[in-house]
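Next up: just one chain, as structure tokens, the form predicted on its own.
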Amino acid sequence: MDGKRRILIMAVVFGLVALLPIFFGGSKVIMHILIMCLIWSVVASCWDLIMGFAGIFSFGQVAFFVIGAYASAIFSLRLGVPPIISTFLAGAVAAAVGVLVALPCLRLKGAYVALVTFAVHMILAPFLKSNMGRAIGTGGAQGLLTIPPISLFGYTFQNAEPIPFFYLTLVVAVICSLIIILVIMSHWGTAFLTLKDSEDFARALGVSALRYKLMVFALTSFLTGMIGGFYGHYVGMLSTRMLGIDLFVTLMIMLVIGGVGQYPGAVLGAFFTVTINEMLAPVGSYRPLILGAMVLILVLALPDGVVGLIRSLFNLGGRGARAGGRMK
């Protein structure tokens, strides 16, 4: 899929989403779901960039999200940094951690990278609860409460009034999506795909695996950490329960439904998964079973995800079109 089609799909999706408060603005529940869709669309998009395009099997995306959320909250609560600034500082903290995680992964491939990055996910909760975590202001097992909301130009965005925060999050999601699309369309995106297909061939062409791997880790970690900060200031409280396996699996479902390497399929996958997940809340413990069955059916029926279905509906699903789309 070329850049113009990616931008067109993204513009249509976010354009339609921007109109939804006209119809559902009176329901705080629906507005909350839409805000969460936008937040997780950024996280899923970053994971798609690093795994679907760069070919790096990083399983630490939820960890970077939580790092950003905690970092922004600590900057605001302990140091008095305005939340709108602390979210960007949180992105920088997550990017720094992402680079540190990337360094030992440079000599690893495939499942070994997944193990290292998932190890970060696994050790983060014990660290946040430990005495060392308490020392930097994580709140330990209790977590963080009364996180201040974001204020901008004299207006405070509170979750009690979700519509303004919805549009703020929409702007952030659109900017993040544009950054990701521009990266995919640039020579960086070409380098990512070359490294993904054949690292030896890419090196023969002069592509530095070290440089581009560090860059994609830093970029995706920064965007994920920043949106994590937005999440923390939206909900007003944080705990290590966010690092449970359920959230990780849900994020993976978003990527599978959207289509790995089929951006902006990750955005569509996030909206679909978050909405269905909320709709299935009344079934309780049967929700994971139903979600798993749905994913199995969708993977078999739509191997290229939702974007593959859209492509076929617009007569772009031929073998040549798909091959050309993956090369661009």
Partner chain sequence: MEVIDVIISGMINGSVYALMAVGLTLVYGVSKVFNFAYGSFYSLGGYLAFSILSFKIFGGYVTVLVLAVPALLLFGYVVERAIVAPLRRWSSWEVKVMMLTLGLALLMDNLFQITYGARVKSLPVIVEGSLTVGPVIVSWQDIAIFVLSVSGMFAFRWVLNNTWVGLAVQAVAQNPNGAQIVGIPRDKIFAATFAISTVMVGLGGILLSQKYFVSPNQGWDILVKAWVITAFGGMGSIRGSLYAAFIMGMLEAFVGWMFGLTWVQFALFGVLLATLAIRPQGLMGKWG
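Small disclaimer: the values here were computed from a predicted structure and weren't measured. Residue numbers count along the first chain shown, from 1.
Although it is not shown, the form predicted in complex with its partner chain is what the next lines describe.
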Of these, 174-182, 102-110, 217-225, 86-94, which stretch puts a heavy atom within 4.5 angstroms of its partner chain in the model of the complex? 102-110
With the partner left out here, check for me: in the model of the complex, does some heavy atom of residue 299 sit within 4.5 Å of its partner chain? yes
Is there a non-hydrogen atom of residue 59 within 4.5 angstroms of a non-hydrogen atom of its partner chain in the model of the complex? yes
Indicate whether residue 51 is a 4.5 Å heavy atom neighbour of its partner chain in the model of the complex. yes
Against its partner chain in the model of the complex, would residue 132 count as a contact residue? Criterion: heavy atoms within 4.5 Å. yes
Taking 116, 245 and 285 as the candidate spot, are all three within 4.5 angstroms of its partner chain in the model of the complex by heavy atoms? yes
Of the options 136, 152, 79, 249, which one has a non-hydrogen atom that comes within 4.5 Å of its partner chain in the model of the complex? 249
What residues of 126-150, in sequence order, lie within 4.5 Å of its partner chain in the model of the complex by heavy atom? 126, 127, 132
